[in-house]
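The form predicted on its own is given below as one chain in structure tokens.
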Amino acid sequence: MNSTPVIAIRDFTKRYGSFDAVSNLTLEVEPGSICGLLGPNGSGKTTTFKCLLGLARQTAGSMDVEGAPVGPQTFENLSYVPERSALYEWLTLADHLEFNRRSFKNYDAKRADELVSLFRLERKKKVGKLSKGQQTAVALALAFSIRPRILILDEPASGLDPVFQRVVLDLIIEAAAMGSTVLFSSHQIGQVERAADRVAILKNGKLIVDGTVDSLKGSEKVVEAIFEQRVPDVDGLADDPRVRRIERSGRILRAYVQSDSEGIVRRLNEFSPKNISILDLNLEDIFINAVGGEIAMAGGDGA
């Protein structure tokens, strides 16, 4: 893989008055990779996208795409799907496709036809009459129809049902397999876990986690113990250097273990749990651990 990143964000800060929406963010996305950007509402994901694409001006730092700041020429090979629709509501899908055909030299009419069929869209219907999910599908069809080298996708499955969410993920994975570079955000952690090979997590405008999905998931194990009654008082377990965090929920105790998970199992077995197991960390665990339990993931980003 080429060592030169396609997207290079370095020491990026965006300030509104005295408020830092994003602070000192450095993030690189390698060619042909898929980077998932996660964060609670207001963490700075959409702000980052807007500044990267020149739709807002950063306060400090640099943001390059293919080695240069974004300019008009960048969009010949870059597709952006914003979280909120930027379509022309008074135009039909057919009008939008014609607009794409005239605007982009790499527009692929056959590919556009495939995408229209895939999302079951009506060409003659005005976009303003479509549901939120259908508008998202139109935006995606337009984005992928130019076969871009770079895709910037802000909540690309927003409003879509589970079947079409899977279609979107397949399109993203296929694009990367063909050499495109993808940076996308999602409130659905499972989508990121399935598609991304790298994850970056923002909290309060700061990057707090950045790494490949495999390395992040391999960094810890979860020892989960289920008890007949309430979770007993496990003396000193939270202070054990092998344990990063303890979580109690009803009759369940979960220990997030950095090393020697078998040793933690032996210790918990002294309290006679009904069941005990060692689980791999998943991306949801990583996200919740990183943001300190903030799980407000269901609305718009707002920053």
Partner chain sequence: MTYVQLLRLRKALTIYAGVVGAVFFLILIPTHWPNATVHNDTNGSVPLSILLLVGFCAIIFGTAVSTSLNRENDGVEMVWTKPIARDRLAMRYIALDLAAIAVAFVVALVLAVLVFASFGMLGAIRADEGWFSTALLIFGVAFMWYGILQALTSWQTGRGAIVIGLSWATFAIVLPAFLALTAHIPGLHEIAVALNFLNPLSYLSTNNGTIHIGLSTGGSSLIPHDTWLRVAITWAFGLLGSVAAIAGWKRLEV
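Numbering follows the first chain given and starts at 1. Because the structure is predicted, anything quoted here is derived from the model rather than measured.
There is another form of this protein, the form predicted in complex with the partner chain, and it is not shown here; the text below is about that form.
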Task: Contact flag, R166 vs the partner chain in the predicted bound form, heavy atom cut 4.5 Å - done: no
Task: Contact flag, N100 vs the partner chain in the predicted bound form, heavy atom cut 4.5 Å - done: yes
Task: P273, heavy atom within 4.5 angstroms of the partner chain in the predicted bound form - done: no
Open item on the list: in the predicted bound form, does F227 come within 4.5 Å of the partner chain, counting heavy atoms only?
Closed with: no
TODO: Give a yes or no on whether each residue among E220, A238 and P241 has a heavy atom within 4.5 Å of the partner chain in the predicted bound form.
DONE: no
Open item on the list: Looking at heavy atoms inside 4.5 Å, which stretch does the partner chain contact in the predicted bound form, given the options 180-188, 196-204, 82-90, 158-166?
Closed with: 82-90
Task: Selected contact from I252, L55, A60, A68, since only one has a non-hydrogen atom within 4.5 angstroms of the partner chain in the predicted bound form - done: L55
TODO: State the residue from Q73, S117, S131, S215 whose non-hydrogen atoms include one within 4.5 Å of the partner chain in the predicted bound form.
DONE: Q73
